[in-house]
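The data below hold one chain only, encoded as structure tokens and taken in the form predicted alone.
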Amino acid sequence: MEYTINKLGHLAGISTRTLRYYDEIGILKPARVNSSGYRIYGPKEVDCLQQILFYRELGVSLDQIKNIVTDPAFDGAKALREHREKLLEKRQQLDLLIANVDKTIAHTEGRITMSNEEKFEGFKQKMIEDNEKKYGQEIRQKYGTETVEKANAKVKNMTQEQYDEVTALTEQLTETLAEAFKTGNPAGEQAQNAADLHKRWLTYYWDHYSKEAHAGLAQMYVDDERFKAYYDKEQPGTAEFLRDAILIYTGMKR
């Protein structure tokens, strides 16, 4: 069955403007354009749009999705199985947060007593699970399972005060690094301040700190495309700049 852009938009629950944008950036081209100038989409394009919307639901950027779905080796059936696994993980996280909300309601109504630590269990567990999904394999290979488990336990045992502190510290680090990057000097005062903030941030998660591990992590920010994309999302080159600043800070500049 074929669809015009209006019918496909209605079928998928998205705007025709979105479909036109997908066409413009090359992520979803119509099967053909008819003699009247209308975009026409066939079964292949419908399946591709479904994949795109699955990836969007999982928070994948359009650039990444384009690379995935336009790859000649793209396997639609395999991708669907992966979508299912990720959606189940997402459901598990949501169930955990819902359970936390239910406990909080019961606490508010006086039916149970809930500690301050329990109020944030869902958020901290979600943080751990998100990190495991994204980076678990790499950090376990690099630092060992025992080290990672100790870090996870440290997160679970965070007090509300510590949680607030690390959240504020993360924002401060992001702002300081952005300003330091503008100077172009990883040895400068602002950059070294960013490296010091990064060290302080790590101490909330690591069981113990070492300059060698700090420098190794900084290098991984550059070597691993996911870390690199995170730091480079606003200003390309930020991951390398932070790496250089940390190498100088730790005395391990190449």
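Counting begins at 1, following the sequence as shown. On a predicted model such as this, the values are computed, not experimentally measured, just so you know.
Beyond what is shown, the protein has a form predicted in complex with the DNA; the following relates to that form.
The three marked residues, Phe54, Asn67 and Phe74, fail to reach the DNA in the predicted complex, with no heavy atom of any inside 4.5 Å. Arg39 belongs to the set of residues with a heavy atom inside 4.5 Å of the DNA in the predicted complex. In the predicted complex, Thr238 stays away from the DNA, with no heavy atom inside 4.5 Å. Looking at Leu247, you'd find every heavy atom of it more than 4.5 angstroms from the DNA in the predicted complex. Heavy atoms of Glu189 never reach within 4.5 Å of the DNA in the predicted complex, leaving it off the interface.
Taking the DNA as it sits in the predicted complex, the stretch 18-32 comes within 4.5 angstroms of it through a non-hydrogen atom at Thr18, Arg20, Tyr21, Tyr22.
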